[in-house]
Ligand SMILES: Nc1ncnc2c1ncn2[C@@H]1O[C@H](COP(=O)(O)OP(=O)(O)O)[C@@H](O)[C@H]1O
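Just one chain is shown here, as structure tokens, and it is the form predicted on its own.
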């Protein structure tokens, strides 16, 4: 009988029985595969799994280290397998020999993929297996034309210094409504081509580094270009001071903004094409004492995951949330600061609960995710389409489930309550520091406590914690003081202590030497029970409300974060920096 992947990993000395037992428990607790748990806990590396799979499947192994994961030049391999197919199927052409094509894939046992490649190319397929992260990097290297910003700056700095007035060349830097294709070189004639290349280089580098926001601003003595990655800002090579005005004007033109207006803030948007997917960018330009500051918010739906199982819910939290969403009517509030992922969570919930038998409608500002089978409306306050006005109109559209992007005022609060009391399920967001804070906030907006108590089904809060880079994180043994604090705050059984596994960040090229790669949500989820309803009738005191909400055994954000740390998903430092103790 062939050996299993786990047996091979143990045989090769990559996995111990002790770590296997911990991973099996993690797998059961998180409803994940055993290999996924082994990788998540850092007990094995992607490379270890790929090498073991190579032995199990009798397929050769390709990596950067052995020199095989490099596509042959001068064979026009990109014409044989186009980029869209390669990225969608995670397959890389390596080389051709006579009537055969060698390819790298993460799952060479996928017979359907191999058959499709054979039909598409007319060649026999020789598969190699490669680690996923290395394969993704190889795809970028093979298909992307990477003009790193530092190269563009050093190449053009001399020419730019010769331009006396950067605005004088604006006629040459593109037309309003241009659709940038970052996969191709976009150049136009004249001095403006320098600025076009610089804008393209900034955007390409940002997309490659998984950036959520780009900040470009002038100070008295310097230019600052910063990328926000997983919630933190990092400095990058700035453009020359002489180029900043033209770069901002280029962005204004793409966003259909007024390039002559430099005294007032302006907001706009445009889209770019990168790796065969369309990415939207929201633009904000604000005047400062040294000149205009530019901030670009990158909305890359290709990186968004609306699978509720991958957001970060603990099993009980997910069950409580979905049970509340299964109610025929009621109010559900999700709280948290801007950028904490509330929109992603609510859209994932809608995607999960959606059925053809019900009518779903959303009112958002703006609509960030296009959801199939759901009527979505974007508010436009300038023409009177506010959250409150839109919600009143919704009630005449026979909805069953309504998503209201945010409750900002008493009128919207009352409209949500009225909808919930008339047989609709209403989901919305509030800006409060904790889940239970939604109750006094609604009462402060003028909602009667007895009406709120009878309508409220669930309140939740969320934050984002950075996930440790799986390629460089190292095991860490906490102090006894730290362990005692975690045990006290995590609200976990004493028997779970033996399964705790901690790691700390290091930094490597794969995570840009940050030590973290991506983020996961942490939640506090409180289903409204009888104790909470009775307390809402009597008081809006947060301490009393919190006691009533936790009477059913639910836990807070800090405890949720510790649950990620004890499984090696995030670090102790990240937990301490993102959440606060309630003591």
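Positions refer to the first chain, counted from 1. Just so you know, these numbers come straight off a predicted model, no measurement behind them.
Beyond the structure shown, there is the form predicted together with the named molecule, which is absent from this document and is the topic of what follows.
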query	finding
Contact of residue 368 with the named molecule in the model of the complex (heavy atom, 4.5 Å)	yes
Touches the named molecule in the model of the complex: residue 337 (any heavy atom, 4.5 Å)	yes
is_contact(residue 554, the named molecule) in the model of the complex, heavy atom dist at most 4.5 Å	no
Contact flag, residue 443 vs the named molecule in the model of the complex, heavy atom cut 4.5 Å	no
Option touching the named molecule, based on a heavy atom within 4.5 Å in the model of the complex, out of 279, 136, 492, 311	311
Listed residue (470, 341, 268, 437) with a non-hydrogen atom within 4.5 angstroms of the named molecule in the model of the complex	341
One stretch from 64 to 72, 24 to 32, 38 to 46, 516 to 524 that, in the model of the complex, holds residues within 4.5 Å of the named molecule by heavy atom	516 to 524
